[in-house]
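Encoded as C-alpha cells, the following chain is the form predicted on its own, with no partner shown.
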C-alpha cells in the first residue's frame, strides 16, 4: 500500500515538473526568462523548456503594434488661449529585454513624455497655428518620443492628434467668423460668375460681329472677282471674234490674189457695179480721181460716160 502511495506521489510530482518545465508561447509574443533572478533568455513563440523553480518568466510582451490613449490635455497657446487636445500613440516593442529592464512601465512613460512635449509645443504656437498645425504637432511629439523610447526597446510608429478643442466662446466666435467668410466667399463667387457671364457674352457678340464682317467682306471680294472674270472673258471673246474676222478677210484676200484678181480687175468690177447704179434713177455719179485714172486705162469709162448718163 505504501508503495502505491509513493508511486502516485512520484507520478504527481512528475506531472507537476513537466507542467512547470513546458511553456507554450503564442505567435507575436515573447517571454523574458530570469534564472535565479538574473536575465537568462527570451521565450520565442512555440514550446519552450524551463527548469522549474530555477527559471522564472518575468513578463510576456506582445510584439504587435499597440495603441496608448493619452488623456485629454488642457494646454495654453502662445496667445494665452486654453485648448484641450486629445492624442493617441501607436508603439511597438522591438527589444523585450530593454522594455523589461529599461523602464518599469513604458506605456506610462510614453504618456508622460507626450503630455510634457505637447505643452512645450503648444506654448510656442498661437491659436490659429495650433488649429491648423496638427501635422506639425504630431511630428514634434514623435521626434521627442523617439529620442526617449530608443533606450526602452520601444519604437513609436505613429502619433495622431485626434481633437483640438478651444473654449466655447472662442469656438462660437470662430463659427461666426467661418460663416461670415463662407457668405463672403459665396458673394465673391456669385459676382465673379456674373462678371464671367458678361465677359463671355461680350466676347460672343464681338466674335459674331467679326465673323459677319468677314463674311460680308468675303462676299464682296467674290462678287468683284466674278465681275472681273466676266469682263475678261467678254473682252477675250471680242478679241477672238475680231481676230477671226481678220483671219477671214486675210484668207479672202489671199484667195483673190491666188485667182489673179489684181487692183485693176477689182476697179473694173467696181465700175461695172457703178454702171448698174448709173442705170438707176440717179443721174449723177461722183468718182474719185484715182479711180477715173485707173478706169481710163482699161477703156471702160467710155461706156460709163455716155451722154446723158454721167457728168464729171
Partner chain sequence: MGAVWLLIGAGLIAAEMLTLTFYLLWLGVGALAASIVAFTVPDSLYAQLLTAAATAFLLTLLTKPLSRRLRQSRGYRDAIDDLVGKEGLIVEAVEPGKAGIVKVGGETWSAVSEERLAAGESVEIVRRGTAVLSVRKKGG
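Numbering follows the first chain given and starts at 1. Remember, it's a predicted structure, so these values are computed and weren't measured experimentally.
One more form of this protein, predicted together with its partner chain, exists but is not displayed; see below.
At a distance threshold of 4.5 angstroms between non-hydrogen atoms, residue 139 is in contact with its partner chain in the predicted complex. Residue 154 belongs to the set of residues with a heavy atom inside 4.5 Å of its partner chain in the predicted complex. Proximity of residue 113 to its partner chain in the predicted complex falls outside the 4.5 Å heavy atom cutoff. Looking at residue 44, you'd find a heavy atom of it within 4.5 angstroms of its partner chain in the predicted complex. When you look in the predicted complex, the only residue of 227, 180, 202, 143 with a non-hydrogen atom within 4.5 Å of its partner chain is 143.
A heavy atom within 4.5 Å of its partner chain in the predicted complex is found for one listed residue only; from 117, 77, 73, 98, this is 98. Contact with its partner chain in the predicted complex, defined as any heavy atom within 4.5 Å, is confined among 183-191, 88-96, 204-212, 237-245 to 88-96. If you take 1-28 and check each residue for a heavy atom within 4.5 Å of its partner chain in the predicted complex, you get 3, 4, 7, 8, 10, 11, 14, 15, 17, 18, 19, 21, 22, 24, 27, 28, in sequence order.
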